[in-house]
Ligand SMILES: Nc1ncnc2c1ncn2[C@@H]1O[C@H](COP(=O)(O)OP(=O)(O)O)[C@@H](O)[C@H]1O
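In the block that follows, a single chain appears as structure tokens, in the form predicted alone.
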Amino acid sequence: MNVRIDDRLLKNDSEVRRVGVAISVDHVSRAFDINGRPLAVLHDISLDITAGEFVVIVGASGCGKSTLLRLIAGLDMPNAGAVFVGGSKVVGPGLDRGIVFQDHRLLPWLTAEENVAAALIARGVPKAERLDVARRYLALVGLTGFETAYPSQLSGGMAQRAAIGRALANDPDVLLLDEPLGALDALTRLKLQNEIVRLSAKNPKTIVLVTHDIEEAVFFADRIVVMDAKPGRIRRIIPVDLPRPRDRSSPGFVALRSAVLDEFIDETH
């Protein structure tokens, strides 16, 4: 298989606004003050993501993957440039974006359904309806029967399912996933990867996932964004032209996984 890497996508021409763009990162830079000195984490990042696209961001530790996701979420602000979601400039968090972190961040004193229901308060869902909506989304992520369980009574994978259900309950246009499977054992991770594919097909969203796992990136992505570090910048954007559902053992999958891995091997030489 010849893996096609579309170098036209590396131009990052943010002046051209494509029809159907859900997320536009426009010449964004971010630096942090470390002991009185600026540390550049992201430098001149530009990226357009179309509505309904599944984009996966990969790169070595310290390349700014999670920082970029936080900028899209509105949890942090750039020093230069701007982020647009749905054509509007991001100035803070919004109900149009849901985010799931590596740790589930469920409130330990609330049950699974209460955790999801609490997320609906900001959307103005009447109190009488919140638990009904919460139960519906817990069923969507395969947690029927565990609605009244507390986080301490759930396995790691089940708690992450609940966190994904909570993020989906507000019906955001954009779902941001910051290594949500990174702390799970291999078998649970594989099961949840399949679950995310099922959910994205059943309830389509624009999805941006950050991961260290190259196989996971190939399994999910429409496009893979490979980042360099010090400072973080886009090195390459790789289209993933593989049919779904994806077979991890197929020649095309294996070849593309090797091609993405080569990006990191080349970086060390």
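Keep in mind the model is a prediction, meaning the values are calculated, not measured. All residue numbers are counted from 1 along the displayed sequence.
Separately, the form predicted together with this ligand exists; it is not shown, and the next lines address it.
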I'd like to know whether G62 contacts this ligand in the predicted complex, with contact meaning heavy atoms within 4.5 angstroms. yes
Considering only heavy atoms, tell me if S200 and this ligand come within 4.5 Å of each other in the predicted complex. no
Given that this ligand is not shown alongside this chain, does V41 nevertheless sit within 4.5 Å of it in the predicted complex, heavy atom to heavy atom? yes
So, T50 and this ligand: in the predicted complex, are they within 4.5 Å at any heavy atom pair? no
This ligand isn't shown here, but in the predicted complex, which of 63-71, 215-223, 201-209, 234-242 has heavy atoms within 4.5 Å of it? 63-71
